[in-house]
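Before any questions on binding or motion, here is one chain by itself as structure tokens, the form predicted on its own.
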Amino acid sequence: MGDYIIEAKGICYRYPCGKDALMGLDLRVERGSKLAVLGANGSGKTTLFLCLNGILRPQSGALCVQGRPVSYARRDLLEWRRRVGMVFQEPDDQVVAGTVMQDIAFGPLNLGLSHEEARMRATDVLHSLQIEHFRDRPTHELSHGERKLVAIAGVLAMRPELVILDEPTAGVDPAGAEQVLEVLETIHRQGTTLVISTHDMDMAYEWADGAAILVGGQTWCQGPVTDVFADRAALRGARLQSPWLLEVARGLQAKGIVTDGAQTIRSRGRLLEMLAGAREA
């Protein structure tokens, strides 16, 4: 059995309007992993994330954090959200203070830390993410991508063990998306477990080590990212496209240029390296 930092076991959630968003969904997040949650609009990704963070409470099923069933008592919820941080898709829903420093320090203050401790944590996070120059900027002057980084920093200042990010690169230009992904790599190297939702199949294939596909509020499949993307029937059933990198690698494999298996090519750099080697041969 794996070391799961959080597990969803058969959870169901119905909105007050009567819409069933989650219907017996299972999900496991291994400690130290990078998990991409995939699915078409309406598949249940955001609702799942809100349940994993304790914002929504499933009507049935079980959620476990570090092997223990969760509690919705106020004190337990606070500890849960300290361990499991969430970055919303729209940073304007999360970045609300007047300046960047004030916004990042808000979470630690809410945990009961002193103003001095909260500012120290905020300073540490700004340094870690290499965005110290944001420190005193008014949040309303930030670009969309910069607000995304500040939202991530605000969650990290609470020092969670798991960070959940809903569409972290949505609405961000290519340079901003690259900066967001660099930040995620930094915090993952520091030991933080990451879960993201995304419609960008290419990014998910390169970035994640595990993937889960949701269809109709249920987990269609979950496993190593190479196994999940190798399942063409699962992708079609979920109305998802295969990553272009994998399709190119399959084409090269069919021509005998790639001999180690198409799934060994997980990055553009690796693809270029393989093509350069083929030319030399």
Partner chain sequence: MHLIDCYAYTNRWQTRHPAEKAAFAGGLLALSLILPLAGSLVVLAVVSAVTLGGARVPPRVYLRTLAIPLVFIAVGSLSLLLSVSFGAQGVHVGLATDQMARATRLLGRAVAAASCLCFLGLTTPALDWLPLLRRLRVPSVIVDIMFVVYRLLFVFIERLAAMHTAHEARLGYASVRSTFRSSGLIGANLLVFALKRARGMEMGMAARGFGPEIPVLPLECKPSRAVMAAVVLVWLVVAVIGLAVQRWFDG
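Predicted model, so just to flag it, every value in this text is computed and none were measured. Numbering follows the first chain given and starts at 1.
Omitted here: the form predicted together with the partner chain. The next part is about that form.
Want to guess which of 135-143, 205-213, 189-197, 162-170 is within 4.5 Å of the partner chain in the predicted bound form, heavy atoms only?
-> Every other range fails; the passing one is 135-143.
Go through Val95, Met201, Ala177, Ile131 and name the one with a heavy atom inside 4.5 Å of the partner chain in the predicted bound form.
-> None of the other options qualify; the answer is Val95.
Applying a 4.5 Å heavy atom distance criterion, does Ser33 contact the partner chain in the predicted bound form?
-> Looking in the predicted bound form, residue contacts with the partner chain do not include Ser33, since no heavy atom lies within 4.5 Å.
With heavy atoms only and a cut-off of 4.5 Å, decide whether Leu181 touches the partner chain in the predicted bound form.
-> Because no heavy atom of Leu181 falls inside 4.5 Å of the partner chain in the predicted bound form, the answer is no.
Contact flag, Glu90 vs the partner chain in the predicted bound form, heavy atom cut 4.5 Å = Yes.
Interface membership of Thr219, the partner chain in the predicted bound form, 4.5 Å heavy atom rule = Although the partner chain is absent here, Thr219 would stay clear of it in the predicted bound form, with no heavy atoms inside 4.5 Å.
So which bits of 91-108 sit within 4.5 Å of the partner chain in the predicted bound form, heavy atoms only?
-> Residues within 4.5 Å: Asp92, Asp93, Gln94, Val95, Val96, Ala97, Gly98, Thr99, Met101, Gln102, Asp103, Ile104, Ala105, Phe106, Gly107.
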